[in-house]
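What follows is one chain in C-alpha cells, specifically the form predicted on its own.
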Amino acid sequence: MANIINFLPKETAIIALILLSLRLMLRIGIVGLGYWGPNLVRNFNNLTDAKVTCVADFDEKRLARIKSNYPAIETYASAEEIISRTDVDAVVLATPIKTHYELAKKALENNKHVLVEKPLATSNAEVTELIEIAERMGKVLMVDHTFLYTGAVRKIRGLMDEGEIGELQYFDSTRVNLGLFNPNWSVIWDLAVHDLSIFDYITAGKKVAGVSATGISHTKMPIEDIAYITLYFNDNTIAHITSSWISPVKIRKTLIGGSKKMVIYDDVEPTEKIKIYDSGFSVSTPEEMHQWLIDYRFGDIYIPKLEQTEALLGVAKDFTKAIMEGTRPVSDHQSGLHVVTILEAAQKSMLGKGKLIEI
C-alpha cells in the first residue's frame, strides 16, 4: 500500500494515507466507568494507533462525565450493546470481578480482543475456558496487572534476569490500608492480587507447590478484611503476603532476598522506590552440627534510577501492540491464570483455617 501511495498525486496520496491510518486505528470499547474506567479511557485515547469509540456503564452520571470530556465517544447503558457491535475491535472490562468471566466470554465469542481488569476471573476453571476460547478465536486475552508496567517492578525483573540478586530466597510483601471494603470478595482478591502478579512476573512464573492462608472478618460480612498468604515451593524459596483493609496507615512494601543481594521495594516512596542492598550471609561448612558459623556481609546501598512513564499507558500500549503485531503481552492470560489459581487456593485454605492446598 505504501508503495502505491508514492505514485499517487499529492492530494490523493494524503487522502489515501488518512484512510489507511483510520483502517489501522484500533477501535476500543470500554465497559465500566467507576474508579478505573476513566483512567483507561484517557490512556487509550493518548495512543496514536487506537481510539476509544464507545463506553458503557449503568450510571448515567458517569456516562455524562465521559461525554463532556470526550464528545466523540458514544455512550451506552449496557455492556452487550458494545460487545455486539461489529465496528469495535477490542473490549476493555473494568467491571466487578463476578462479571469478568461472563462478559469476557461474550466479547471473545463476538470476535473481540479482550483486556480485563484484575483478576482475570474468579477461578482456574473460568480462566482456562477463556484462554481456550481466545486461542480458538485467534484473539488477544490480557489482564490488567498494572504494577508489571511500573519502572520499579520492571527494574526488579531486570535484576533477577541478570542474576544480580542471585537465587531467590524469600519474597515478603505487605499491602495494607484503611478501606475500601468490598462486600463481594475478600481482601486477597483486592490487594494480594497485586503482589502475586508481581511475584509471578519477577520470577518468570516460578511454580508454586502449595498455598496456606489465614484470614478473618471483623464485620458482619463473611468477607476477610485481613489475610496472610504463604507460598511454598519445591526449593528453599518462601513467599509471604500480608493484606489488610483495616490498617491505620497505608503500606506498600516488599522485601526480596537473594543469595547475592537484597531489595526493598516501597511503592509509597515518591522517588526512591527501590533500594538494593549488597548484603547477605553465608554458612561455613561444619564438621559437627553444633559448630555452624554464620558470616554476615554488609555492603553498599544502591538506589537505581527508574522509568517514570505512567504504568497504565504501558498496559494500553502492550495490549494494542499484541493485537497489531502479534506479540505476547507482559501481563498475558498465563499471568492471569497463575494469579487466579493461587487466589483460589488461598481462599480454600482460609476456609480450612490455614490448611495447606497443593497446586
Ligand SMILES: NC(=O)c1ccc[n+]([C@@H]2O[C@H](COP(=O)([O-])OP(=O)(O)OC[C@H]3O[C@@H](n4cnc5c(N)ncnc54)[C@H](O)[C@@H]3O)[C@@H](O)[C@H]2O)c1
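One rule holds for the numbers: they count along the sequence shown, beginning at 1. Since we're looking at a predicted model, the values are computed, not measured.
There is another form of this protein, the form predicted in complex with this ligand, and it is not shown here; the text below is about that form.
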property: Asn236 within 4.5 Å of this ligand in the model of the complex, heavy atoms; result: no
property: Contact of Phe298 with this ligand in the model of the complex (heavy atom, 4.5 Å); result: no
property: Distance check, Asp318 to this ligand in the model of the complex, heavy atom within 4.5 Å; result: no
property: Distance check, Ile97 to this ligand in the model of the complex, heavy atom within 4.5 Å; result: yes
property: The single option of Thr146, Thr214, Ser244, Thr203 touching this ligand in the model of the complex, heavy atom within 4.5 Å; result: Thr146
property: Residue among Ile133, Leu103, Ile226, Ile165 with a heavy atom within 4.5 Å of this ligand in the model of the complex; result: Leu103
property: Contact segment among 26 to 34, 302 to 310, 326 to 334, 41 to 49, judged by heavy atoms lying within 4.5 Å of this ligand in the model of the complex; result: 26 to 34
property: Contacts with this ligand in the model of the complex - residues in 162 to 201 whose heavy atoms fall within 4.5 Å; result: His194
